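One chain is shown next in structure tokens, namely the form predicted on its own.
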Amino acid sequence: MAIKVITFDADDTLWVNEPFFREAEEKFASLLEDFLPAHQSIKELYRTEIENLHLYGYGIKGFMLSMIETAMNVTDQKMPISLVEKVIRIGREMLEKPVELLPGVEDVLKSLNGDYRIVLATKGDLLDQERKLKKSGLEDYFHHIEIMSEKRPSDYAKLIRHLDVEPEEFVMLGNSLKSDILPVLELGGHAIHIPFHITWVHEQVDHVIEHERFMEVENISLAAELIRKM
């Protein structure tokens, strides 16, 4: 079947995201340097984030709450209110970051628009993702926008049904093998991996993917030509 729907991930596929989290982690660790070495503080923060995913989901607000909880644990519940204020400031700075499009993104969306239905499928906090999309200036390129709490096969299956296409007519492009690639391949769709230089540990996959419907390109600028050949 011919490809009818092209779906793009957002964070670290269309615009920069993960480096802001790494920068925030370093600032957070520096606040706790009197209690723990930086690498241990970051390790504790990651553990807290994972434990809280089912409650807070993905996004900056949940990250802020996990930072506060981690600081409470590291300081044995004795952290001053000024430390809480500094953590909140780190989070607010993240929320106020400008949206930095990755090279070639708008050119690819322009070249594919009109020939395919273009969809955005991202996960995270609804308000924050809507804010970034609006700031990006890309909103008008998308036929449909889906902001998910998680990216499991069942979530993609629901999206594909909503779009009224078969999995074989659906291709997903993204930087996360775990969230953008494997679930779509499991359903019978096509997936194109666009690596980003930083990947959150939780999104990493430790095995090689070999699949007839899996492809990888060095950057998004190469994606349009690849899709037209499919």
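Since the model is a prediction, treat every value here as computed from it, not as a measurement. When you see a residue number, it is the position in the sequence shown, counting from 1.
The same protein has a further form, the form predicted in complex with another copy of the chain, not shown here; the description that follows concerns it.
Chemist: Can you work out which of Met64, Leu45, Leu177, Val171 has a heavy atom no more than 4.5 Å from another copy of the chain in the predicted complex?
Modeler: So the residue touching another copy of the chain in the predicted complex, by this definition, is Met64.
Chemist: So which of Met79, Val99, Leu102, Ile118 reaches within 4.5 angstroms of another copy of the chain in the predicted complex, heavy atom to heavy atom?
Modeler: Looking at Met79, Val99, Leu102, Ile118 one by one, just Met79 meets the 4.5 Å heavy-atom criterion.
Chemist: In the predicted complex, does Thr199 come within 4.5 Å of another copy of the chain, counting heavy atoms only?
Modeler: Answer no; every heavy atom of Thr199 is more than 4.5 Å from another copy of the chain in the predicted complex.
Chemist: Within a 4.5 Å heavy atom cut-off, is Glu85 in contact with another copy of the chain in the predicted complex?
Modeler: Yes.
Chemist: Is it the case that Met148, even though its partner is missing from this view, gets within 4.5 Å of another copy of the chain in the predicted complex, heavy atoms only?
Modeler: Yes, Met148 sits close enough to another copy of the chain in the predicted complex that at least one of its heavy atoms falls within 4.5 Å.
Chemist: Please check if Leu53 has a heavy atom lying within 4.5 Å of any heavy atom of another copy of the chain in the predicted complex.
Modeler: Yes, Leu53 is a contact residue.
Chemist: Sort through 65 to 73, 35 to 43, 190 to 198, 177 to 185 and report the only stretch with a non-hydrogen atom within 4.5 Å of another copy of the chain in the predicted complex.
Modeler: After filtering at 4.5 Å, what remains is 65 to 73.
Chemist: Is every one of Arg213, Met215 and Met230 in contact with another copy of the chain in the predicted complex, taking contact as a heavy atom within 4.5 Å?
Modeler: No.
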